[in-house]
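Listed next as structure tokens is one chain, alone, in the form predicted alone.
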Amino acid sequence: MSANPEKVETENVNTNASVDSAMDVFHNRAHFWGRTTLWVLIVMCLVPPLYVSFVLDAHPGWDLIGVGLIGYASFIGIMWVLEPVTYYPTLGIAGTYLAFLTGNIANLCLPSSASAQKAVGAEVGTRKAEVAGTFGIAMASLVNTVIILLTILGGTYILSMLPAAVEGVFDFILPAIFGAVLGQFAYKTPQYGVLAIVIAMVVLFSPVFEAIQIAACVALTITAVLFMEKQKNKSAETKN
């Protein structure tokens, strides 16, 4: 027996309306809980430095805080705007809140979202993909949090057993991290890595205010690289 076309069309319209309504509710709740949890996280992040500064009386001074803020903002500040704009179309509303709540978007949240969408055969940009991606990010964040918690607890125990001579090596961790980051970004274009090091040495040993040294290094390196790229393009156009 063949189905009534008008009845089938009406059922499809009702189904789509029901799905749209459910997604609206899902988005509204995602906005509410996403904003709430992010604000709670922001406040919680401020509690430890405020406690150390004003309860333990170990405030480093506003000048040092300002130098650190300017240096960090000059290095990573542009990503505060670019990342939400670029990741949102792939992660969706709930996935974006989750990703920025737990962090490590490029290496954890984005691949987890893509894997979950691929596992259920969802096309990017659809409602099915948004829901699947959100579940993928949620599970990856949960596993990541558990592993980090176990690592912190286990690492604290291991550190308490280390001799003082080994603990002194930890002073080199931060320079080692910066060196690894430089190597990660500079191995494809080593000349730019060398250029950044030269500029940093010149700025470090020149009479530049400490508060703007990092910002000056970033600005000069970006300017020099853009100039070199422009000259390279001009040279290629001349040959053609």
Partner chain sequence: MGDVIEVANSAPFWIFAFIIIGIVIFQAIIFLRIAKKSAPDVGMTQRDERIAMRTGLITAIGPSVAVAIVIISLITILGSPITLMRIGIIGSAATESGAAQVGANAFGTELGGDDFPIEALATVVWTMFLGGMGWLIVVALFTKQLGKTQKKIEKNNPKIMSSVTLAAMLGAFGFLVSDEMIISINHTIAGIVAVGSMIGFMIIADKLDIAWIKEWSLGFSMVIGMTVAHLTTMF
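Positions refer to the first chain, counted from 1. What we label the rigid core is the largest C-alpha set whose atoms superpose within 1.5 Å from one form to the other. Quick caveat: nothing in here was measured; it's all calculated off a predicted structure.
FYI, the form predicted in complex with its partner chain isn't displayed, but the following is about it.
- Using a 4.5 Å cutoff between non-hydrogen atoms, Met79 counts as a contact of its partner chain in the model of the complex.
- None of the heavy atoms of Ser206 is located within 4.5 Å of its partner chain in the model of the complex.
- Although the partner is absent from this view, Leu159 contacts its partner chain in the model of the complex, with a non-hydrogen atom inside 4.5 angstroms.
- Among heavy atoms of Ile148, some come within 4.5 Å of its partner chain in the model of the complex.
- Taking its partner chain as positioned in the model of the complex, the residues of 23 to 38 that bring a heavy atom within 4.5 Å of it are, in sequence order, Met23, Phe26, Arg29, Ala30, His31, Trp33, Gly34, Arg35, Thr37, Leu38.
- Relative to the superposed core, Phe172 undergoes a C-alpha shift of no less than 2 Å between this form and the one not shown.
- Core-superposed comparison between this form and the one not shown: the CA of Val143 stays below a 2 Å shift.
- Ala106 is not among the residues whose C-alpha shifts by 2 Å or more between this form and the one not shown once the rigid core is aligned; its shift stays under 2 Å.
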